[in-house]
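Okay, here we've got a single chain as structure tokens, the form predicted on its own, with questions on binding and movement later.
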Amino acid sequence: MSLSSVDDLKQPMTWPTGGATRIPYRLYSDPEIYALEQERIFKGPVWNFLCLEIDIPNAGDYKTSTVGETPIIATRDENGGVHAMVNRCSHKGALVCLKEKGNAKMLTCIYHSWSFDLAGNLKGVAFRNGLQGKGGLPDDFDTSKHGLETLRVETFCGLVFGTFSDETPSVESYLGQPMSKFLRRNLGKPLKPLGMHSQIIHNNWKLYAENVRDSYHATLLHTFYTTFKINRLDMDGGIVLAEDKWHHISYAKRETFDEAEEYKRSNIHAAQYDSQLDGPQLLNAWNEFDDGITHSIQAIFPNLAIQFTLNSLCVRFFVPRGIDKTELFWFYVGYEDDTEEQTAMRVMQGNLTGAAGLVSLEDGCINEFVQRGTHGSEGKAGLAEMGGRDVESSDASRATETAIRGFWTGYRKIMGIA
């Protein structure tokens, strides 16, 4: 299916009255729209997260990744340069790198042994000149025109980004000043890996993009947050939107917590109980930054989020694997200058999130409930009016869906849906 604009859709697509406060359910299940997203978003003028720089620290290192559904290889060459290319042999289209990561001087396709250097240039063709004077490629075959398809690459705060578009501005310009500043806060020092895992969630990728922007649900769905006062709506905090509304930061300050009566009056989960942990060391933390922020989620359009909870620092990367399937990767990191005690605390706090995390376990199924609940109702729309109808930053309350409205504002723009 090849689509270039919404005008190519078999069924016309217009946004319902209400703008970003109304989200058509069709967007979660229409295969034509899903195909158009691959072209206009993932291959469009955005920066796609590929990997962490610490995934490819040495010359010859490579890491496989994906942009939308397009398989990608990120590499580091012998001079320290970082490259990215489509993981598709220019001969017959087979995957070139089959392992998740490795180290090699050349990237060689196992099908017919065509070899490429770490920048994607074609360097070797088996039997290029044939055998015993017979066969082989034509004399005018130009190897310089048959390398792997490459992406523009930039690194920022230890993150490797790639884009197919010549129109995408620099990463820092794409993010804008508030987003860039906060990334430097969390990832601005040399990083070290602490672990990773992934999970399959059975929902459209955009439902998870909404989820990481949904500060309203955090202390309603995630009872552990509420019970142990890690992140609640009655804590000081706010929402910061990027200038173009595509990206956001939500944050909370645990130390200045002043419990609101609404929690008790509304009987919000375990807010009325005095629950305790058998292992209270799970919540041991130290004040790492002077801004008082103890929890934050930063979402970068289209499919990246950076989470900071107490001292646990994690990069979340969610990848579309079909119209109703998403693979969610969790990359836990610390800093190179962490003490052993600090590293141990970050690892311990890592149990809060992830596929079986005490906080995020529920996210693995809740979006599937939306996927299933909206099935067969493609003509209907969801509602996002909590906190009003505007698409602006807010320090008044995190009981708002302004960041979700920001995502759909950016989505409509790049998809060309009026």
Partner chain sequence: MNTAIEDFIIAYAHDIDDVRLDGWPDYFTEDGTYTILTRENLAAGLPMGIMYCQGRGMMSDRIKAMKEANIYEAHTYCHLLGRSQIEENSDGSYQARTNFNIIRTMQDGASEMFAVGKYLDVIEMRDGQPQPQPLFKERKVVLESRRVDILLVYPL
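Not measured: the values here are computed from a predicted model. Residue numbers count along the first chain shown, from 1.
The form predicted together with its partner chain is left out here; the points below concern that form.
Among heavy atoms of residue 278, some come within 4.5 Å of its partner chain in the model of the complex.
Contact check for residue 335: no non-hydrogen atom falls within 4.5 Å of its partner chain in the model of the complex. Interface residue remark: residue 388 is not counted as part of the site for its partner chain in the model of the complex, having no heavy atom within 4.5 Å. At the 4.5 Å threshold, heavy atoms of residue 381 stay clear of its partner chain in the model of the complex, well away from it. Proximity to its partner chain in the model of the complex holds for none of 20, 67 and 214, with the criterion being a heavy atom within 4.5 Å. Here is the short version: of 98, 200, 110, 106, the single residue with a heavy atom within 4.5 Å of its partner chain in the model of the complex is 200. The partner is absent here, but in the model of the complex a heavy atom of 351, alone among 351, 38, 29, 393, sits within 4.5 Å of its partner chain. Stretch 321 to 329 is the answer when you ask which of 140 to 148, 286 to 294, 321 to 329, 122 to 130 has residues with heavy atoms within 4.5 Å of its partner chain in the model of the complex.
Taking its partner chain as positioned in the model of the complex, none of the residues of 157 to 171 brings a heavy atom within 4.5 Å of it.
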